[in-house]
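As structure tokens, one chain now follows by itself in the form predicted on its own.
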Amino acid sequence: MTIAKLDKRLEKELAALKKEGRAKAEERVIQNYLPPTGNRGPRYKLVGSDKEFIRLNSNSYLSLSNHPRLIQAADEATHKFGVGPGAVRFIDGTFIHHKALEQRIAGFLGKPAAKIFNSAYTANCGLALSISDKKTHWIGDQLNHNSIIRAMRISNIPSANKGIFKHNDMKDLKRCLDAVGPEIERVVVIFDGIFSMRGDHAPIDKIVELCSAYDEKFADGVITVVDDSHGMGAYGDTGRGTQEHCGAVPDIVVGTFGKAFGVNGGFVAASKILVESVRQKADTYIYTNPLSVADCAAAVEALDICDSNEGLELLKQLKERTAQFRQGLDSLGLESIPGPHPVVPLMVRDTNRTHELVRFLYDHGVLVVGLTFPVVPKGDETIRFQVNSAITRADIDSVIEVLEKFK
């Protein structure tokens, strides 16, 4: 037996991806981290380059990954229990750190219970498997993250039991709700809190209000679900995310520890009964090893920091640097999508120019992500900047200067 024939077919598929502009570039490899010093934030060194880079493409919004308290917590947990759990959760793979993190994130969000996963991606998929049947209808925002799209596809419901509404368009959401058939007993409306490529947020207050008006129409009601992976820790007055910013709480919150909290893993937070249903029915929870105790211990420490004066100061710094960067773009006459979130899209609106600017920034020690056709529609070509709290005022000034040189 050989996979030579398969390799040939896959080689053609990879070539097609490259021709269509959808192939991923070769992965850059980080080989060193240089801590902040003076008025300069952290820098990174890559394999094959002598440059020191500012990362403006990192999800670590509060810059907690290198925090001494997180490192110490992970180290202590590892020395006590080892680097891996040795089993899935229901076969004695549950440690005190898993339970502590579930209790901590539930309390942080004001939910009765939570269940942790290896990622928010597997959390979304596990949730879909847990709350869907043939009489369930899912409705999602057209710009939802791939994990939500995948979750809707594997939810074991008929294809007719799905609706998509125009981005943040409440009239179109109403259209989708009105179109749900009389045989449906349960409707799930799911959306991102922060849309990761744009930095804008879902109007959770309006979504919850609209869905509430339809709740009595269905035997199991209309359930609202937010994936607030990019909002949690980085948005709202105390970092409670988009729900805090909007002043409304969805029924179910999905999130990650891998962005603002600086660690790994995802979670589902909701009622105790729903969380128990997830534990009993979610394949992506049941049949895989859990997070390490190191991840859990570090994540608890991150949540404790977020709930402290230090956390509020980090959030303040993040908001100030984000505002400074957005003001810098405005001063250069560059187009963005308004909003206070640290995801700041620069609308370039041209594929070649986007590639040129990404390379220009790289040559000047700045790492960013460029999004071009067909990943985004023609005319929507974008560079996504992501600000974090460890980036300094001087760092932002230097990046604005680089953009001015290119302009």
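Just so we're clear, the structure is a prediction, and the values are computed from it rather than from any experiment. One-based numbering along the sequence shown.
Omitted here: the form predicted together with a small molecule. The next part is about that form.
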property	result
Every residue of Phe90, Arg279 and Thr284 near the small molecule in the predicted complex, heavy atom within 4.5 Å	no
Per-stretch contact check against the small molecule in the predicted complex, the hit in 149-157, 287-295, 209-217, 189-197 (non-hydrogen atom, 4.5 angstroms)	189-197
4.5 Å heavy atom contact, Lys259 and the small molecule in the predicted complex	yes
Tyr121 within 4.5 Å of the small molecule in the predicted complex, heavy atoms	yes
Proximity of Gly265 to the small molecule in the predicted complex, heavy atoms at 4.5 Å	yes
Contact flag, Arg104 vs the small molecule in the predicted complex, heavy atom cut 4.5 Å	no
Sole residue of His145, Lys162, Lys319, His245 within 4.5 Å of the small molecule in the predicted complex, by heavy atom	His145
